[in-house]
Structures are given as structure tokens and as C-alpha cells.
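Single chain ahead, written as C-alpha cells, the form predicted on its own.
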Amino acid sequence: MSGSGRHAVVLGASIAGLLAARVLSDHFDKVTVVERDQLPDDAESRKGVPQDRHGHALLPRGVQILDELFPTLSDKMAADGVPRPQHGTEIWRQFGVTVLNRGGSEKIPGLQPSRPYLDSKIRDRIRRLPNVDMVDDCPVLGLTVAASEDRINGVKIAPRDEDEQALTADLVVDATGRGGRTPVWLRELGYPTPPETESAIDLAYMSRSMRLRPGALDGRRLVLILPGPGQPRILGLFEHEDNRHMVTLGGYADDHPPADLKDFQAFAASIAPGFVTKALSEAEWLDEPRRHHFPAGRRRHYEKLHRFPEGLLVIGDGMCSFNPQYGQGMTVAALEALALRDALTAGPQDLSRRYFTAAAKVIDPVWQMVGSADRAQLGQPQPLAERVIGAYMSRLHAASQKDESLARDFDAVSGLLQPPSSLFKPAVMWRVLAGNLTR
């Protein structure tokens, strides 16, 4: 399988792994994606992606990157019936009891495929690449090390119905998620493991698929209700392809959503606007509820390591897994893929340090933004600066109820098109002040 010429191996056919394979295909003669699961041919759920049974959306920046790596892919998905909300009026955004302005339009829309559908379409594009192979139903047993012991030169794998094999590689990229074994492998090889930061949130969410009565949402294609002062629960109502909808309910600690349909609907009604409650009461439910528990966000700081073997990188949730209610994971993985592309373009010298440093610049603003919101919601200790920023954001949300420009500014940040610092420009702060004085 190693072929001739320079060879890269990607561990895991996750979104992060597939995007990494696409980037690597431009820099290596051969790329092999090794996946533990047996990969489905179509848009089907699989064991290794338990969150694929819940509501998903790709943020606007993620759509941009997807089309950069796979030209026209989002257009083809939209032609298949994948919703691409184009206007503020198609999206209901609510923080606690504050509903953001719904006027205007979004210059760059998001995309709302179900996760199995999105995975399948990206896999299809990867399989068309002439220098990429996908090997599924194949556990990875460990890394192999060059004689000098300072470079990873491959992996040990156990293909289906075959003996253990050594797969040689010039570069190994671990995309096996938050449960990936790179920290264990580093320890076994005598390297330090990355410092970790955790954000305990004890979040559980429950999802069900349905068909809604035509026109039940009055043209809205996404309803998103996130926690706010006095309202700790979560609701996401997503239109997906094939005229299906999915509702995801979430709650913290002892306020997890129930599985019983009647109680499930009552949980939704406790925070949903009337049009959502009515739509759910008339829905045709298509499956049993699916539950997922997310105990804590985790950030592994590979950029802080002073010793790290050449020939090994990590991408995706293995570096950082966020509170999933904000829907940023896939888009951050796409940004990490661009960081990998830029690091490879600059040459092989000191690749791991340059890549992890660039990836940290992508991850850290999002990690801080999500962590601050979680700590505020859960009443956890916050530094003074974080409390001040939180108070400002509450006022920005309030002013955004009437101010279309502020709502667009906030959309640009939540869609990862602009950095959080853009919300603190003088012109934006003045509108926040003026909006709150008017109220």
C-alpha cells in the first residue's frame, strides 16, 4: 500500500481526516486514509461518529473552505436539496429570551446537510483523487519509529482478515478524535505529552428526526435557541436534505432532556416559540431518540511542547473538542486543514512546530469564546475581563433585537468569518451603546 515516492497516512476518516487527506494529496505522491470502521457506501450513520445522529450545520466559513478544497461541492449539495439559508428571515436565533434581528441577508450562507450525508459526499470526492487510497475496517495498533528514534516513519495496522502489517510513511496525521492515542504513543516513546485544559459542562442532548407539515415553520430553515440568563436549555431545529427535519434538545447537569416523546415535547415547549411548539405537535416522528453525553470540552496544547517527533501531526478533536451546541467543530477542523496546507507549502523544515502554532491561532479564539459562555452559564469562576466581556455581549444581543447591522456583525463572528475582536471596534460599540439607551 505504501507505493513509491513520498507517502502520507491519515488515521481516521472523520471530517478532519478527509480534509487533511485532500490537503496532503497536493503535497505527497500517495496518501492512505486508514479507518477503524467499515465505511458505508451511502449516507449512513456509523459507530465511530456517534454525533452523526444529531443536528448539524456547517458555518459560513466552513462552506467557503469546503468549496475551496472541493470546488462546486456546496452547489451540488444544494441542488440535492440540502438547505442553504440565504436570508436572516430564514434563521431564528435566540439567546435566552433575546431574539436577534431577522432582517437583511447573509452574504455567505451556511449549509445544513445531515452529518452522514456530508460525510458521504466528501468521501466520494476523496475517492476520486488518483493518489488517495481509503482502507477501512482496519484498526491502527501503534506508530513505528525510525532508527534514529526522533522521527515517526509509519504505523502498525491490522487489516481485515490479514496479519499485522507495518505501513511506512513520511508523515502520519492523527485524525481519530478526542479519544485518539497520540498522547499515549508519545509517552510510550519517551516524549512529553501535551498539557491539557478541560472545561467541564456535563451537557447531554437528545435528537429525533421528523417530517413537518409543509409551511409549518413559515419559511424558517433553522431555529437555534441557546442558553442565556434564566434559561439554561438548548434547542436546535434543523432542516436537512430529503425534506426531513431534526430537533436536538440539550441541557446541563441534572436538566438533561427526556426520551419519552410526550416529555421530550414538553421540554421543547418550555423554551420554544409558539410556532415551533405547534410544528412539533403536528410532526411525523421518524425514529427513536438518540442521546449523546458530552462531559467536558478538551484542549490539548501541542503547540507548547518543546520536544515532538518529526513525521507526526494531529488534527481535529484530538487537538480541541468544543461544546457541540455552538456547531463550530467541523468549521474549526476545516481551518486546521488550511493551517496544515500552509505549513506544508512552506516546506518540511520544523513542520510540526509551525503547524501546531498556526493551528493554535485558529483554535484559541473559539475556545476562549465558547469557554467564557459556558462558565457564565454554569456559574463557574470567571476572571474580571471575562465577566466584563460577557456583560458587553449580553448588551450586544439585546441591541441586536432591533439593529440589523449589529445582528450581521454578530453573525460574521459566530460564522467564523470575522474574529471576536471585530465586535469591539468603536463603531460596533457605539451601536451597542445607542441600542441599549434606546431600549
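Counting begins at 1, following the sequence as shown. These figures come from a predicted structure and were not determined experimentally.
From this point on, the text means the form predicted in complex with a small molecule, which you will not see here.
Asker: Indicate whether the small molecule has at least one heavy atom within 4.5 Å of a heavy atom of Ser405 in the model of the complex.
Answerer: The answer is no: Ser405 has no heavy atom within 4.5 Å of the small molecule.
Asker: Decide whether Trp92 counts as a contact residue for the small molecule in the model of the complex under a heavy atom distance cut-off of 4.5 Å.
Answerer: Flag for Trp92 set to no.
Asker: Glu35 near the small molecule in the model of the complex, any heavy atom under 4.5 Å?
Answerer: Within the cut-off, so yes.
Asker: Do Lys30 and the small molecule come within 4.5 Å of each other in the model of the complex, heavy atoms counted?
Answerer: Judged by the heavy-atom cut-off of 4.5 Å, Lys30 is well away from the small molecule in the model of the complex.
Asker: Report the stretch among 250 to 258, 274 to 282, 135 to 143, 352 to 360 that approaches the small molecule in the model of the complex to within 4.5 Å, counting heavy atoms only.
Answerer: The contacting stretch is 135 to 143.
Asker: With the partner left out here, if you bring back the small molecule in the model of the complex, are Pro195, Gly297 and Gly371 all within 4.5 Å of it by some heavy atom?
Answerer: Not a single listed residue reaches the small molecule in the model of the complex, so no.
Asker: So the small molecule isn't shown here. In the model of the complex, which residue out of Ile225, Ala175, Ala337, Leu100 has a non-hydrogen atom within 4.5 Å of it?
Answerer: It is Ala175.
Asker: By the heavy atom within 4.5 Å rule, which residue out of Glu239, Asp317, Glu303, Asp170 makes contact with the small molecule in the model of the complex?
Answerer: Result of the distance check: Asp317.
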